[in-house]
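Just one chain follows, in the form predicted alone, and it is written as structure tokens.
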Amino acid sequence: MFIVDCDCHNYWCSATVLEPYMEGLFKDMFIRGERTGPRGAFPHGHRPWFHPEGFARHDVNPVEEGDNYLIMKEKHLDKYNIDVAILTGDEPIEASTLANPYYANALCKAYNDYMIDYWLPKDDRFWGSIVVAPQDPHLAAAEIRRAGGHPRVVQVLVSHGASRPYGDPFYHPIYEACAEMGLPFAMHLGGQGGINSTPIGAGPSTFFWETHAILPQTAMTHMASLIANGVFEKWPSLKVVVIECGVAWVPSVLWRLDANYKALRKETPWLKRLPSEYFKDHFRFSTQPLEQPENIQHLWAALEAMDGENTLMFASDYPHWDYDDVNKLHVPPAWREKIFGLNALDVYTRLPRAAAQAAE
């Protein structure tokens, strides 16, 4: 079976790997300036919760930079016969939490150059995501146009934590650049500190485990906002990929959006279709972390209600603590080929279809 992993984190041992890709004031700030943690930590505004165990799997223990690839190759790529691994970095999306948009953009630019220069040549299975700092959409759009033309870059990536809902016209320069470069816009769980609004509607929760369970609230807001603000009428070819935000909540939100739109549609005359119709054409969700009810039929009913056969894409979240094993993903058997690889080919149009045919 052809397998595309849509969320494979390329780790580093120290963020100092970015130093050769920075220059001037921002390199000086990166080397000498204050940060959250010791030298080697990536600058960001930290969230108010700490993971009680740490984010990485306990069997992934790199000692030096080269180990990050070798361990990934052994414990994930080769072990599960991954055909395509879309690299999503790790800490770089946290640049969205910084108040200084120029520094945030410089950090993203350095990461993108590092990823293209260091990671993509290591393995033919690697395809890249370029990270942008959305707090200055014009700088983000310029970075998309600068780095997005690389033939092995397949998407633009931001954190799901943001200072305002992503449908806001403030962000539209980003979507214009994505459409121009033919790249999907992806948001990944993260960026919950600094300048970004708290992702919990009633205010910060207390414990990490409860917070991790309800973080999808922010993704709900972004999904509704992107639809309501007419982003897909302006850019009808744009695809939005939502990574690591859960999936079972999607049908209930779509039902509510459809019902309210039918009753009050005069408020957004630019919309031409039901919210659920925009969703099916433009949104794709990663499977990780897939909910685990006692009765699997309850989950499958929710997945069917969101057209999961066509809107879900496999993601492992390697090497995080809640990593999803290829062999244990509980989706309807008849959908597996689409979810594990074929749906990704429709979203990431730069991926070679010949690879899928060879795998078959």
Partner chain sequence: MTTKHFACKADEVPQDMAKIVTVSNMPIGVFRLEDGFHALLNICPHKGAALCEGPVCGTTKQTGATEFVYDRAGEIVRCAWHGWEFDIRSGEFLVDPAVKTRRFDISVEGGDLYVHI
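Residue numbers count along the first chain shown, from 1. None of these values were measured; they are calculated from a predicted model.
The form predicted in complex with the partner chain exists for this protein as well; it is not shown, and the discussion that follows is about that form.
Annotated contact segment (heavy atom within 4.5 Å of the partner chain in the predicted bound form): 314-322, selected among 297-305, 314-322, 26-34, 65-73.
Proximity of residue 80 to the partner chain in the predicted bound form falls within the 4.5 Å heavy atom cutoff. For residue 58, a non-hydrogen atom is located within 4.5 Å of the partner chain in the predicted bound form, even though that partner is not displayed.
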